[in-house]
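Structure 1 and structure 2, given next as C-alpha cells, are two forms of the same protein chain, each shown alone.
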Structure 1
C-alpha cells in the first residue's frame, strides 16, 4: 500500500510539472548557442512536429528555458522571436482541435520562415479539412518558391497560380527579374491568373458595397417617397426623423444593458418597433400641428419643416449632448463572411440589406393588399376624385405621413448599426433621400428601389476612380441632366390626374 501511495504521489508530481519534450542537448544548445545555432535547433524542433514542445517554445519566447532543472536566461531578438512564433504556429498545425489548426494556418499564411516547411508538409499530408488544406498548400508553395531545386520552384509557382491570395501575387511579382527564363515565364503566367481572380474579387466587393449603400439610401428615402409622393410635401425634417429612430435604438440598447444584460443580443427585436413607433408619433404630430395647414404651399412647408428640423436637432443636443453616442452591434452581427481572399462581407451590412428587402416587401404588401394602401394609392393618383367617392383624405394624409415617418425611424435603427449616432445624423441623408425620390419618380416605389441601388453602385464605382467628393459632384450633375430630359423620373405616375 505504501509503495502504491508513493507511485501515485510521483505520478501527481509528473502531471503537475510542465511537459517539455525537447531533449536536454537541444535545450543546452538553445541556451548557449548563437542566433544561427538557435535557429537550427528550432528547425529540428519543428521537424519533429511534436505539440508537446509548445510550452518550451513559449518559455523560450519569454527569455527563459530550463536546462538540467535550472532556469537559464536566453537573449531573444526580433529574428529569433519571429522564428519562435512561426515554430509555435507550425506545431499547432497537428493539434486535434480544428479551430486551433485553422488559426495556426492563417497565421503562417501571413508570412512563414523556411524552417517551418517540413512541418507544413507533414501537416498537409494528414489534414482532412479542405479550407486548412488550401491554406497549407499555399504556405508550402510560398516557401517552396524560394527553394534551390528548379522542379520544386516550378511546382510551387503552379500552386500559387491557382490561388486568389494577394500574398501569392506579391510572391510571384518578386520573380519578374528571375534570371531563369523558364521560371520567369511560369511566374508571369501564374501572376496573370492570380491578378484575374483578384480583379473579380475586387469587383464583387465593390458590387456588395454599392448594394449596401443602396439599401441604406432606400431605407432613408422610402418614407419620403410616400409622404412626398402622396402629399407633395417637401419635409426637410425627414432626416431628423431618421435621427430619432437612431436615438431610440440607443435608448433601447442602454435599457437592455442595464436591466437585461443576458438578453442583450436580442435588443434589436425591441429596438426596431420602438424606433418605428417613436418616429411615427413625432411625424403624425408634425402633420397634425404644422403640415396640415400648409398644403398647396410648398415654399412655406419647406421653411416650416426646416425650422422644425433645427428644433429637433437642438432638443436632442440638450438631452443627449452634442457628442456622438455609440450603438453596439449584437454579437451575431459582429464579424464578416469571407467569400474570397480579401473580400469580407460584414454581417452588419448583410443584415441591413436583408432588413431593407423585408421592409420593402412589407410596404409593397401594405400598399397593394390593405384598405389603407388602396386609399393611399387613390389619393396619390387623384385626390379630388378619391374625396368624392368617400375616401377620408385628411385621415389618409395623417396615417400616410405617420407611415413615412415610421419608415424613417427604421432607417435610423439600421444606420445606428454601422456608425455613430449624433444630432446631425439625418443631415447626411436628407439630400440623398430627395435625390433618390426625384430620380425614381414621385410616388413610384419601384423607381425608388432602382434609383437607390443605382445611385449606391454608381457612388462606389466613382469613388474608386475619383474619390468621394468628386463622386458626389458627378452623381449630382448626372441627376440634374437626367431630370432636365425626363422630369417625371424613371417611372412616370399614371392616373387620371396625369391624363387630364
Structure 2
C-alpha cells in the first residue's frame, strides 16, 4: 500500500514537471552542487547533444531549475552563464534551421569553453553550409590549439592566423612560451598576420570615435557659428539653449511614455522639431529683450548673456530639480553595428553623425538658397549698406538669432541621447563650442566643420596615446598656440567687411 502511494506520488511529480530530457538526478546535482559540480553536469548535457535540453538550460540561465516538479532558485554567476550560453549554442549547432546554426556558431566563435569541443567537431562533420563550416573550423581550431598532436595544433594555428577576431589574438599570444619551437614560430607568424588586420580595424574604430566626437562638437557649435560667427554676438547663454533643447526632449519623451507608450520609439521624431522650436523661442525672446540693445558692445553682451545663462540654469533647477533627468534611448538606438570583429559602431553615434550632416546640409541650403539666408549674409557683410537697400536689419537679426538658438536646441536633443541631461549640461559645452568657432574662423561655416572634426579626431588620437586628462590639456594648449599664431582662425573672412 505504502509503496503504491509512493509510486503514485512519484508519478504525479513526473507528470507535473515540464517535459525535458535532463534526468532528475542531473537537475538535482545542478540545483544542489557547487559551481564546479554544475559545470561538470553542463558538460554532460552538451555531450548528450539533445536539443530538447535547451528549455531546461534557458530556465537555468534565468536562475531556476525544476527538481521533482518544484522550481529551485539557483545563483547563476558569470562563469556559469558563460557555460550555459556555450551549452545552448552547442546544442543549437545541430538545429535544422540554418540561421539558428549560424547564430550559434557566431556566438561560440567569440570564445568558447573547452567542454563544447566534441559537440563542435560532431557538428562540423555534418555541416554543409560553407560559412558555418568556416566558423566551426575556427572554433575547433581555437579549442584544439593547446591539446592534440603537433600536426593538429599547427593546422589550428594556421586556421587562427586567417581569422580576424580578437579572440584568436589572445589565443595566439598565449603560445609565446610554447616549448615546441616550430609551433612557437608558427604561432608568431600567425599572430603577426592577425595583428596586422586587427590594427586596421582599430584604426577604423578610432577614426569613427573621432568623427563621432567631431559631429557632437559640430552640432554644439553650429548655432554659435551663426550667432557669434555671423552676427558677432558673444552669446554665453548658448550652452543653456542646448540644455533647453535637451530638456524639451525629456518632456516629449515623458509625454510619449505617458500617453503613447506604443509609439515610444518614435518620440525622437517629435522631439527634434520641439527642441528646435523651444530653443528658438527662448533665443528670440533673448534677442528682443536684451541682445538687440547691446549690438556692437561685445563686453556688455558677454556679461548680460552670462547672467542670463545663470538665470536659465537656476530656472531649470527650480522646475526640474538639480538632479539629472533620464532620457531613454529609443530601442533602435541601442546596440551597435559590428563592422569587423572587435569594432562595434554604436547606432546612437551613427545616428548622431547622420543627424549632424543633415543639419549642416539644411543650414547650408538655408544660407545659400533662401531669401532669409541672403539677407543674413548681406547684413553680416555690410550692415549699413544692407539697410540702405531696404533689408530690415532688425528683423533679420531676430530671425538669425532665433535660427542659431534653434540649432542649439537640436544639439541638445542629440546630446541627450549619449550624455547626461542636467541643469549644468550647457556649461560643459559652451567652452568647446567657442573653441570650435574661433578655431574654424569666425564667420565661416566650412571652418566650423573642419575645426569640429579636427578637434574631435585629434582629441581621440591623443586619448589613446596619453589618456583623457592629458589629451584635454594638450588640445587646449594647442588651440591657444594656434590662435596666437593665427588669430583669424583656420579660414579668414575674405572681402571688405565693414567690421574688419
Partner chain sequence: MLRRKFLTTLVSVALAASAALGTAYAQTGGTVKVGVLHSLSGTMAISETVLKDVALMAIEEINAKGGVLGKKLEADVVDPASNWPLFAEKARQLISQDKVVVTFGCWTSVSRKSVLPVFEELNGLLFYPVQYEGEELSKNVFYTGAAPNQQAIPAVEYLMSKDGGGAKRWVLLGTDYVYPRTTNKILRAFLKSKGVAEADIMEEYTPFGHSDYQTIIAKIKKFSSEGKKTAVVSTINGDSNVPFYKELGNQGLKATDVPVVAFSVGEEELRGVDTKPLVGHLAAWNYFMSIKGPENDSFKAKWAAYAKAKKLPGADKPLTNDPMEATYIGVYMWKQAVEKAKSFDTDKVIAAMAGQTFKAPSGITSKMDEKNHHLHKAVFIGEIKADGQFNVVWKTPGPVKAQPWSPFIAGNDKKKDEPEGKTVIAAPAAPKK
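The term rigid core refers to the maximal set of C-alpha atoms that superpose within 1.5 Å between the two forms. Numbering follows the first chain given and starts at 1. All figures in this text were calculated on a predicted structure; none of them were measured in a lab.
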task = Have a look at both and say which one is the form predicted on its own.
result = 1
inquiry  = Superposing on the rigid core, is the Cα displacement of residue 128 between the two structures 2 Å or more?
reply    = yes
inquiry  = So that I can tell if residue 254 moves, could you say whether its C-alpha shifts by at least 2 Å between the two structures after the core superposition?
reply    = no
inquiry  = Is residue 100 displaced by at least 2 Å at its C-alpha between the two structures when the rigid core is overlaid?
reply    = yes
request  = Once the rigid core is superposed, tell me how far the Cα of residue 42 moves between the two structures, in Å to one decimal.
outcome  = 7.2
